[in-house]
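Only one chain is included here, represented as structure tokens and corresponding to the form predicted alone.
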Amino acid sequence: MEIVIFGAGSLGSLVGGLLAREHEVTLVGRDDHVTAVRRNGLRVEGALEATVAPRATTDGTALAADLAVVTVKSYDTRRAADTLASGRFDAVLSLQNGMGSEAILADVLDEPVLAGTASYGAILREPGVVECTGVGDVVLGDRCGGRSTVADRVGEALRSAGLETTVSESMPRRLWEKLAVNAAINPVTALTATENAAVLEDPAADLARGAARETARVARAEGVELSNREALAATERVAEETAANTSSMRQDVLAERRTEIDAINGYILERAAERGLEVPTNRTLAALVRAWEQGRNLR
């Protein structure tokens, strides 16, 4: 299968590198990373290892492939969608943090848009080198739920390259569960300069649990069956499995980049306001991260 990875940062490079073991992959990324991949290939280190030679480009316009995997930051989704619209794909899969990106892609693109989550840990150590900091899985499916032959085909392509992949008929619930996990772990670890394990112990645990419970309550108001117990269990499970990992939001803070707070805790705030719900923990976490961004002229 011909696959375009649109947004070859940490996760995009890891997923693209693993897919390139079996498929024809094109990475769309920043100039220094693209130059290094063109010169020496892409090296995957850590929990998984591989050296591959995917195509690489900084220009994502007018590309054609069987599949486009979108891994850009959530705030870049609109721009990515406009660029992808200049090309031709059989399907588009979003593997992005937060919520709302799939809807943006679907508004712009004619191709079927699949929703997905990825729990693989990844850090781009240097141009041309990505470290897998933890083996996870990819869950994908129709963004509105239900059976999808397109999702089945994409899932099989990912599995054939060795990625742990599940095709789900209940992606709305899966997305909200992942949102609860992200809302609990990302801002807490970013603000406290800690690894994911920090949310398993007090005082951070109480804060993380509050964010997860609030997210589940908003999900139910949106018509998605996600109990507080399920949201808390998912958060604890992910924190345990990725205990030594550096969350994506903490990576952004360390690099002094804009975070994805708007698509995570900010998204929860927006949906809660529409439903007349109070989410004080998510409100506080969002305000603190946004204040950090504003202080560094990132907003």
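Sequential numbering from 1, following the sequence displayed. Predicted model, so just to flag it, every value in this text is computed and none were measured.
Only in words, not in the display: the form predicted in complex with a small molecule, which the text now covers.
Proximity to the small molecule in the predicted bound form holds for all of Ile185, Thr242 and Ser247, with the criterion being a heavy atom within 4.5 Å.
For the residues Leu84, Val72, Leu124, Ala118, the 4.5 Å heavy atom test against the small molecule in the predicted bound form is passed only by Ala118. Screening Val37, Ala263, Val238, Ala231 for any heavy atom within 4.5 Å of the small molecule in the predicted bound form leaves a single hit, Val238. Stretch 185-193 is the answer when you ask which of 149-157, 185-193, 217-225, 75-83 has residues with heavy atoms within 4.5 Å of the small molecule in the predicted bound form.
Heavy atoms of Arg143 never reach within 4.5 Å of the small molecule in the predicted bound form, leaving it off the interface. When contacts are judged by a 4.5 Å heavy atom cut-off, Lys178 counts as touching the small molecule in the predicted bound form.
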